[in-house]
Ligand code: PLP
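In the form predicted on its own, a lone chain appears below as structure tokens.
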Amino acid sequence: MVYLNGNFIKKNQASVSVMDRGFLFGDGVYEVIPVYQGKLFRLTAHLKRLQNSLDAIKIPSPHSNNEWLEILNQLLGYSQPLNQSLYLQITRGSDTQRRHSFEALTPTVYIESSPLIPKTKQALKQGFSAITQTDIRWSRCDIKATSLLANVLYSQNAKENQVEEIILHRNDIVTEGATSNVFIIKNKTLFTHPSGAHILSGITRDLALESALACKLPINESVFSVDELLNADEVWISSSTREIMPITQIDNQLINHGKIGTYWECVYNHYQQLKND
């Protein structure tokens, strides 16, 4: 079952108008919310980011936080697994003709729930590979917009190169992954690109920083270069579905001799505790 504009219906019966601006222009935003043991994880933070994205592109929020909570819990009632990934998409709505400018429209709201199966700690300990590429995206990456063509092409490139992620850089400065945030450890300090227009500051990113503090790991939210990335003591990526994943090879170069580091394990363990709070 999925939710579409006030109705809970079977997924294969859900459809939107060809005049929907999400279909025509990618004119919309989205959010992904993990659910652990049937409990919505950090819902307040996710709804705040959703509202920020809506405000940024001038779409009025179709629901209050209490209404979102009721809808999400009702949709979860149709799901069997306790761990789920909820995908919310809100577009500006359907117009009467295709035009770049817009009038006041009724937003289209679509939500689906999928099983969430994070990799086990043992699987993560094997480490994962990435490659670097130039960041060609627009300059408002902080908006969680549905217009993700560049990210789609990066992800396909990762698939074709048999790596986990594409790590992006602008003018030799690492920004983030195509679908993740990026962290490095150097000299017993955690570095990550500061929040701003060039990255989507993920909820999981915030939780990784929270976990790092719990592990007594100093944090420096500042830029670092591709060379510093390749010479880091540890490299991680984070997202709601990956959680916190160690990267042990980039551009065919081993990080930490191809082994995960001790800081990752501490941060990973603390993150798992947060999920159960």
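We number the residues from 1 along the sequence you see. What you see is a predicted model, and the numbers here were worked out from it, not measured in a lab.
Another form exists, predicted in complex with the named molecule; not displayed. Remarks below refer to it.
Novice: Does the named molecule come within 4.5 Å of any heavy atom of residue 239 in the predicted bound form?
Specialist: Close contact exists here: in the predicted bound form, residue 239 approaches the named molecule to within 4.5 Å, heavy atoms only.
Novice: So in the predicted bound form, is the named molecule close enough to residue 92 to count as touching (4.5 Å, heavy atoms)?
Specialist: Contact check for residue 92: no, nothing within 4.5 Å of the named molecule in the predicted bound form.
Novice: Should residue 178 be classed as touching the named molecule in the predicted bound form when contacts are defined as heavy atoms within 4.5 Å?
Specialist: Residue 178 belongs to the contact set for the named molecule.
Novice: Check residue 205 for me: does it contact the named molecule in the predicted bound form (non-hydrogen atoms, 4.5 angstroms)?
Specialist: Yes, residue 205 sits close enough to the named molecule in the predicted bound form that at least one of its heavy atoms falls within 4.5 Å.
Novice: Is every one of 30, 137 and 144 within 4.5 Å of the named molecule in the predicted bound form, counting heavy atoms?
Specialist: Yes: 30, 137 and 144 each sit within 4.5 Å of the named molecule in the predicted bound form.
Novice: Just one of 130, 86, 174, 200 has a heavy atom within 4.5 angstroms of the named molecule in the predicted bound form, so which one?
Specialist: When the named molecule is considered in the predicted bound form, the option within 4.5 Å is 200.
Novice: When the named molecule is placed as it is in the predicted bound form, which of 107-115, 70-78, 92-100, 178-186 ends up with heavy atoms within 4.5 Å of it?
Specialist: Partner-contacting stretch among the options: 178-186.
Novice: Taking the named molecule in the predicted bound form, which residues of 46-61 have any heavy atom within 4.5 Å of it?
Specialist: Going through 46-61 in order - heavy atoms within 4.5 Å of the named molecule in the predicted bound form - the hits are 46, 49.
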